[in-house]
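This document opens with one chain alone, in structure tokens, the form predicted on its own.
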């Protein structure tokens, strides 16, 4: 690629987000070759227009951004894939890295990161949003804190996530109400949760997938 602006296609199944990104790129003078509203359109644009960079929503009808990246890799298409996502799952992030995806940015920070991302990718280097790395670092810390809980505490946390009261938990686990209270207190300390009203319930609901 020379010093001119790279050629780009974009795809997102949310019309407002697609328009916002399109307007932004055109305003900044980028060479926008086309835009698609689903994965199939996006893949066709890539194969027909052969852009330098494709900026894709990770979840779209017909084909996801990850599936498009897999197809491009299999077909030896040199277009560099940048994924824009609402998703902060570690698995998707790892998958993107495995597929040599060149960029991975969060939708909520897309406009503030996109220029830097395009510049970095154009120069042949991957751009993975610091915001995602920060989030995944936080998630890993949370998972390791979960590992400090005893099996009984994990069981109680799962029941809290299911909206069970202390009384119901005590009855279900054949322990006293006061033992449940003590376990709750220990869980709050170990997970470094602020001891506010319902703070443990909120935490348990937000992280219930890690309690399975």
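This structure is a prediction, so every number in the text was calculated from the model and none was measured. The term rigid core refers to the maximal set of C-alpha atoms that superpose within 1.5 Å between the two forms. Residue numbers count along the first chain shown, from 1.
Unshown form predicted in complex with the DNA; subsequent notes refer to it.
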Would you check whether the DNA, in the predicted bound form, lies within 4.5 angstroms of a non-hydrogen atom from each of 166, 175 and 183?
yes
With the partner left out of view, is residue 200 within 4.5 angstroms of the DNA in the predicted bound form by any non-hydrogen atom?
yes
Even though the DNA is not shown here, does residue 59 get within 4.5 Å of it in the predicted bound form, heavy atoms only?
no
Counting only non-hydrogen atoms and a 4.5 angstroms cut-off, does residue 179 reach the DNA in the predicted bound form?
yes
When the contact criterion is heavy atoms within 4.5 Å, does residue 150 count as touching the DNA in the predicted bound form?
yes
Could you tell me which stretch in 150-158, 64-72, 48-56, 32-40 has residues with non-hydrogen atoms within 4.5 Å of the DNA in the predicted bound form?
150-158
Taking 2 Å as the cut-off, check whether the CA of residue 18 shifts that much or more between this form and the one not shown after a rigid core fit.
no
Rigid core fitted, then: does residue 59 show a CA shift of 2 angstroms or greater between this form and the one not shown?
no
Superposed on the rigid core, does the Cα of residue 68 end up 2 angstroms or more away between this form and the one not shown?
no
